[in-house]
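Below, in structure tokens: the form predicted alone, a single chain.
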């Protein structure tokens, strides 16, 4: 039986970052992942993330950000948000005194950068492929893998996704509220330059976002009810480009599809708790949010950084000490709840068809646009912290 201070189950972005951060503390750590991550390709990845400056600083500390190809990164300097009846909110990094609002990058390239950094860390064992067969929780977690090998640890971190099998194994119930929407993603070439501007339109029950990519390219995320979303996915390349161009008022001129469209279901996920002795949830296993604010992965990196900070100050306590994990849970409660409340509230506000709702939401959006200090606070809270 091999013994570790921490075992992280789930080798996605958040899981790999968590394992790397904990190994950097001097903790013997193992990272388990069922299947090897796909290698980055020359074509643009349809899985795009907006990394806020707080997450970027964390990834720099881990030595992952420096491994990214700068030519595949795009800074976001402005964001143009429009309501469904004339409401307008513009966020500008220069006006708010920050260098950028976010950096757009591809999932596969960030995953590879994190894995390269992880494999260079002597206290981190990357076990891949490694499938979990069972867990004995007492007195400390003992994991049995499908090949028969066993691992013992003080703390087991579940970063195994929104449907987290480990969350269920640990007996932690989760409230899962489907939005009955799909997030449709695709990348496009643009006729006009975006100049580092991200665009978002609230279109009644759907939300359309265009995120800038390097050159005259952009990545689309269209969150729409299931039936219209399936219609989008069924369109051919030219028809989809035309539909997306029209929905965005041709802000970037004519569009040409670069990658096939893909869709994923949207859900609000709220576990009853995020830890038990010797066990803690991280990333999508710990929380699910609507993607209209683009903050899901940033919340996950926040989980990783907060856990590392709590364990760094643990003294002589074991990594799985419930008092330590309770401290971590308290630190994460407010930022996660605030983001879930904001995205859930905005979704329902713009989807509401009751009389007067349109004037309220669009008037509020335009009013916020006139309040410089409020906009700056919004940027620093949602995009920087």
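Positions refer to the first chain, counted from 1. Bear in mind the structure is a predicted one, so any value in this text is a computation, not a measurement.
There is another form of this protein, the form predicted in complex with a small molecule, and it is not shown here; the text below is about that form.
Contact annotation: the small molecule lies within 4.5 Å of heavy atoms from the stretch 263-271 in the predicted bound form, the single such stretch among 263-271, 196-204, 69-77, 309-317.
Proximity of residue 131 to the small molecule in the predicted bound form falls within the 4.5 Å heavy atom cutoff. Taking non-hydrogen atoms only, residue 20 never approaches the small molecule to within 4.5 angstroms in the predicted bound form.
At least one heavy atom of residue 47 is located within 4.5 Å of the small molecule in the predicted bound form.
In the predicted bound form, the small molecule lies farther than 4.5 Å from every heavy atom of residue 187. Shown without its partner, this chain lists 253, 165, 178, 215 as candidates; in the predicted bound form, only 165 has a non-hydrogen atom within 4.5 angstroms of the small molecule.
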